[in-house]
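Encoded as structure tokens, the following chain is the form predicted alone, with no partner shown.
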């Protein structure tokens, strides 16, 4: 029998298995140092992002009238808001924790940079979310922000007073960017592993010598 001709899907599958074998993509065990509290905030960030996505989908489907005038809408809107607050709290702690741990060690520079870019995209997503509330708070934020944004020239394409434009940025483009970067970040963590503490890393270096 002749070996089947390898097409692009087969090559892509094999490349994926080489880069992320199942035992690394979905590990059953973790190093003992992962029990430290600082490692919790990355998982907490992803959990909050899941709640944000679920509540955001409900709000997008039901619309502003529902979240302004329905008791259930108020609840879902509040859940969306406070999950965003939790998301940023956990992400900032995670970001600074990894900064002081020098999380780019061990060929993890791309993992670190995707986390930073994800944070920046999340700030833009949150900003457009505040502008999409369709209330006086959103109006105040928009009128205060427009002069600063217009002074950079970005106001020609990013009009904070255009509620429809801000809503589309908030529920389509920016969430897709955050989601894609977050998935890439997690895959890189699976591929390279979580960064060890300095003491553990130094011990491994000494043993290797």
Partner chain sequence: MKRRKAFHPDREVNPWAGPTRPYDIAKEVVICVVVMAVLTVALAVLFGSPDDRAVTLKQWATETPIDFAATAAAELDGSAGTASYGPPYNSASTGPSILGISPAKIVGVHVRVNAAKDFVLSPVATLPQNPAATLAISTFEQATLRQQQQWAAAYTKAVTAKQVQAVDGRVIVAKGNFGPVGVIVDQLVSMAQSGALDSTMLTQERFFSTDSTKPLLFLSDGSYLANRAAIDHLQGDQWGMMNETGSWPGQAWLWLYTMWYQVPGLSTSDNADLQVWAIMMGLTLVLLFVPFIPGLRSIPRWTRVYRLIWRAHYKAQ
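Bear in mind the structure is a predicted one, so any value in this text is a computation, not a measurement. Residue numbers count along the first chain shown, from 1.
There is another form of this protein, the form predicted in complex with its partner chain, and it is not shown here; the text below is about that form.
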> Quick one: of 171, 58, 51, 177, which gets a non-hydrogen atom within 4.5 angstroms of its partner chain in the predicted bound form?
Replying inline: 51
>> Residue-level contact is defined here as any heavy atom of the residue lying within 4.5 Å of its partner chain in the predicted bound form; does residue 139 satisfy this criterion?
In response: yes
> Taking the shortest heavy atom distance, is residue 47 within 4.5 Å of its partner chain in the predicted bound form?
Replying inline: yes
> With the cut-off set at 4.5 Å between non-hydrogen atoms, does residue 40 touch its partner chain in the predicted bound form?
Replying inline: yes
>> With the partner left out here, check for me: in the predicted bound form, does some heavy atom of residue 34 sit within 4.5 Å of its partner chain?
In response: yes
> Can you name the residues of 99-119 that have a heavy atom within 4.5 Å of its partner chain in the predicted bound form?
Replying inline: 99, 100, 101, 102, 104, 105, 106, 107, 108, 109, 112, 113, 116, 117
